[in-house]
Each structure stands twice: as structure tokens, then as C-alpha cells.
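Next up: the same protein chain in two forms, each one alone, written as C-alpha cells (structure 1, then structure 2).
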Structure 1
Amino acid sequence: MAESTTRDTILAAIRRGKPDVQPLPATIGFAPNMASDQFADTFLTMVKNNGGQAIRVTSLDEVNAFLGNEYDLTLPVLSRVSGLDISNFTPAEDLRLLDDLHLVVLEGKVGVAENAAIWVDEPVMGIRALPFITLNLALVVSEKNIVGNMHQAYPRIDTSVGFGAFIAGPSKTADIEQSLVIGAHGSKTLTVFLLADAGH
């Protein structure tokens, strides 16, 4: 009969000390942190807290009218939102010209109420640099696509389409002296349009 080694003694102690197997909970994840009827208002508040403009609209015509009043649409503008035809810029010819972009308008796929993060994916962007190189960025998000927290957002993201990013507010960076710089690494402004559901 082989003698018991220190190793065997340690492993036996570990086996005796293992906790009992517990059944998994029926639902894995975090409980919603707010009621669904608070999503839209909380989302709009968080957009403003992040340094952006938050506009509630009922149609793309309202988006068009707001952008016409707020921005000079004679400067290079690119809209990739279906039904919002304000583009006067074609980036395919020379990507170096992207740094001339004054305004880009994109569709946000999912908006998160707790932090105003908006998911923008590659099919929406067309060119990955668009939301980061433009001077001003506008995102249109349908109210039906607002969720409470990040845990609710991830199941809605289609990871099969390639690159994507959560965008929350204009570009901001700060150093140890707490000097905040807006627009250093991305757009200088962010305007978010929350588009009401057609049924509302």
C-alpha cells in the first residue's frame, strides 16, 4: 500500500472543503435599475450631463429643421440616416478629406438610459473613422431602442457585423491638473435626437 504524500493530504483537504454545488439562478444578470417608463427621460438627462444636446423629436423632418438652424449645412455634411437626405459630401474619393467634415449624422442602434451610451456599429458608420473625425456628431436613436443599463444593451448588439462602439457625449479628455479639453480625440459636439415611436 502506497504511503500518503503531502500532496495527497492537501488535495484531500481541498476536496473536503469544497462548497456544495448550488443551482444557478433562473435569471443571470443584474436586475433593471429603473422602470421602463423612466428610460427616455433618464436617457435625455444623461446625454446633457455628458455634455451633449438632447432633443426629443417625432419625425426626421424635425431633425432636419433643427440641424438647419443649428449648423451651417453648406459646409461638408454627411448623413447616413435613411430618410434624412442632407448630405453634400462623398467620402469615397479621398479619405484624407474626412478631416473637412463639419457634421456627420448616424443612427444609434441602442441607447442606454443609465449613462447615455449609444451603440453605433460598422454598417451604420460605413467608415469607422466617421464618428470620431467629424467636428460635430449627431445621433438619431429610436425611443423603442432605449434600455435601462449596459446589461440589457449587450444582448441587443449584433457582434457579427464587425466594428462598433458605444459613444456617450462629445470627446473629452483631462490631465492631472483637471484641465478639461473638449474635442481633442473626437467630435467637439454631440447632438442626440430621441425619435418617438411611430405609435406614440
Structure 2
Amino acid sequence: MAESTTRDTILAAIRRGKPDVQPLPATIGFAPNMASDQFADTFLTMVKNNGGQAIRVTSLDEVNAFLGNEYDLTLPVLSRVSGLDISNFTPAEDLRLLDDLHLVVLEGKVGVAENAAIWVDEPVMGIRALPFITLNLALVVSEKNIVGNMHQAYPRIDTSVGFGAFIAGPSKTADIEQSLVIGAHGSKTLTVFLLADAGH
């Protein structure tokens, strides 16, 4: 059977069987369950609940200093945050070589207070595999880009990009007897830097 035929058969079967048109809800989403001055604190608490490390900073120099203390920056490091020039790794054409990456630092474009999900998209990553293949991941999020909940996040993200992900913590699994293990396939650690707005 040609594919076009299958397509037409499926669509015809839907038309025969579907119910009368039902309306969409009049409104989609809800206001956050917290005042906007609580977004940052809630966000940081949720980062920790998700198994990440949450650090407030006022400048990229502080990020640099913290990473220098925490990680061996002589190992393969790739930062794509402008102003944070700690890269010592140049990605090759062959994506498999990314397996060596010890630390990747990216900009998080939007952070969600309610669940600490951070939107990271293709323009920020450069290479889609980066935040997943690295051993350690650090995300820098500006305080002004923290929103209350997912309903506030979607209007802020660019859904026209080829790829983007909400990342909410290091990779984890509980598939062995429901015991939580951090570091299943993706990054084993996530450090989130919340960068205070300029002028604060």
C-alpha cells in the first residue's frame, strides 16, 4: 500500500469516527502560586531539589572563580557564555570526540521558578549534543529571566529554533529498585548560577 493511501485512509477514518467539535478551554494556564519577588529564591530551592547545585552570583568573574575551585579546568572545558572565556576545547566535526568533555558552560535563556526547568536552545548550545554528552554541566541564568511557571515560560521561548530543551537537574534514574541515582547517561552534575540583574 502506498503511503499516500495510508494517509488518506487514516484521515478518512478519523473524519468518519470523530465526535462533534468540542471547544478548547477559554483560557490556558494559571498565574504563578507565588509573588514575583519570590521567583529567584524558589528557583534556587528547586534547583537543589532536582539534584543540582545553586549559586547566586553578581558577575561572571564569580562564576569563573567558582568553576576554577570546583573543577579541574585543565581538563576539556567548553564555555559558550560570552564573557566567560575558559574554553580549552575546540569541537571537531566528529561528534564522538565530544565524549571527552569534562565541563560545558551554557547560558540558560529562561528559568522556571516552580520546577527549576531551564530553557537551553540550539543557538545557545551551538552543538545540540553538548549539554547531554558532557560529564558536568553549568548553566548561567539571569535573574530577570526567571518566570513563575511553565505557562509564563512558553511565551518567552523561541519555538522557531530547530531544537531546545528544558533542563531540570543532572541526569538521573530510579530504575533499580526505585533508588535515585544521579548521573544516568547525561551530565552527572548540574551547577546553576543565578546572575543578579545589573544595577542590583
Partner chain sequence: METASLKHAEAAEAFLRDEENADWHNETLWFVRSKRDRAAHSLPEWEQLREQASQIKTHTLSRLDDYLIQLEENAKKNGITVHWAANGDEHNRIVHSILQQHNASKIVKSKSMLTEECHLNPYLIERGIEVIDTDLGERIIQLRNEPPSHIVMPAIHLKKKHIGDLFHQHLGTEAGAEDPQYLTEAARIHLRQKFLMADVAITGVNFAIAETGGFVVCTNEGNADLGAHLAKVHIACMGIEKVIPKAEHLGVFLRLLTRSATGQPITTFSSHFRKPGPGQEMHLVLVDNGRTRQLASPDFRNSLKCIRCGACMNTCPVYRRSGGHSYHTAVAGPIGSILAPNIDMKEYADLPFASTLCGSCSNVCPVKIDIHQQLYKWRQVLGEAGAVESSKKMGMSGMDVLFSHPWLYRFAGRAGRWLMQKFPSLANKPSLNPWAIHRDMPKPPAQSFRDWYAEQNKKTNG
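Residues are numbered by position in structure 1's sequence, first residue being 1. Here the structure is a predicted model, which is why all the values come from computation and not from measurement. Between two forms, the rigid core is defined as the largest C-alpha subset superposing within 1.5 Å.
Structure 2 is taken from the form predicted together with the partner chain, while structure 1 is not. Superposition on the rigid core between structure 1 and structure 2 places the CA atom of P155 less than 2 Å from its counterpart. Once the cores line up, the CA of N69 ends up less than 2 angstroms apart between structure 1 and structure 2. With a cut-off of 2 Å and the rigid core superposed, Q178 has a Cα displacement that falls short of the cut-off between structure 1 and structure 2. Relative to the superposed rigid core, G29 shifts its CA by 2.8 Å between structure 1 and structure 2. Comparison between structure 1 and structure 2 places the CA of P19 16.3 angstrom away from its other position, after core fitting.
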